[in-house]
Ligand SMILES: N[C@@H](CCC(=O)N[C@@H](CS)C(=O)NCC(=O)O)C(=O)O
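Okay, so here's just one chain, in structure tokens, the form predicted alone.
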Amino acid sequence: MKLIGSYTSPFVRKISIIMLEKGITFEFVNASPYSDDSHVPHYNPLGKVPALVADDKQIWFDSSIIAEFLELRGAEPALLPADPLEALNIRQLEKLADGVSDAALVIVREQMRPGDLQSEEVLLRNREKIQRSLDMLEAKAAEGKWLNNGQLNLADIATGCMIGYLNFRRVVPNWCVERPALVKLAETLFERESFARTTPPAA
């Protein structure tokens, strides 16, 4: 398999971690979706990463779709429970964590614009999205049912990658304040080999 993506993308990292945890051999192709000569649109018409070229040459894109494809292959460990409703609860938290990563990416891209062209409304709206979502993830991590229950699942991985991205880009420096369950979850995840091997390179 061939994984196309950027080393700094939380969505690409999510897929890399899933494949490492499942022991799936893959080739990583580093490709920025933002460069003028990017080859990413060749794999995904939306021009986003990650994209996965499967062994049969079929191309899958969007990290949630790729995660589901990898789960359907049956490689252990399973990252979703067999019960459809339980799996859906975990997938919803995966999407919530991914939504935080999306909002963080918007902030990073906005802050790359010249200061006089940056939109305070865009920055504020996305910071509010992040804070609300982190509050919900903290509650779910403290509850320990669908997130942070001691058995690695897709929601844990997505949350860990999101927190790693917040730290890497320093989007919300105080995200950990009054969120002890998320801090503990992140510390546990970052000790795993799959997370250590996929740490974004220093900027």
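This one's a predicted model, so the numbers in the text were calculated from it and none came from an experiment. Each residue number is its position in the shown sequence, starting from 1.
FYI, the form predicted in complex with the ligand isn't displayed, but the following is about it.
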Legend entry - Partner-proximal stretch of 149-157, 131-139, 171-179, 33-41 relative to the ligand in the model of the complex, 4.5 angstroms, heavy atom: 33-41
Inset, instruction - Tell me, yes or no, whether Glu110 is in contact with the ligand in the model of the complex, where a contact means a heavy atom of each within 4.5 Å. - result: no
Legend entry - Contact flag, Gly144 vs the ligand in the model of the complex, heavy atom cut 4.5 Å: no
Legend entry - Close approach of Ser9 to the ligand in the model of the complex, 4.5 Å, heavy atom: yes
Legend entry - Interface membership of Cys161, the ligand in the model of the complex, 4.5 Å heavy atom rule: no
Legend entry - Site check Asp62, Asp102 and Leu105: each within 4.5 Å of the ligand in the model of the complex by heavy atom: yes
Inset, instruction - Let me know which residues along 167-188 have a heavy atom within 4.5 Å of the ligand in the model of the complex, or say none if there are none. - result: none
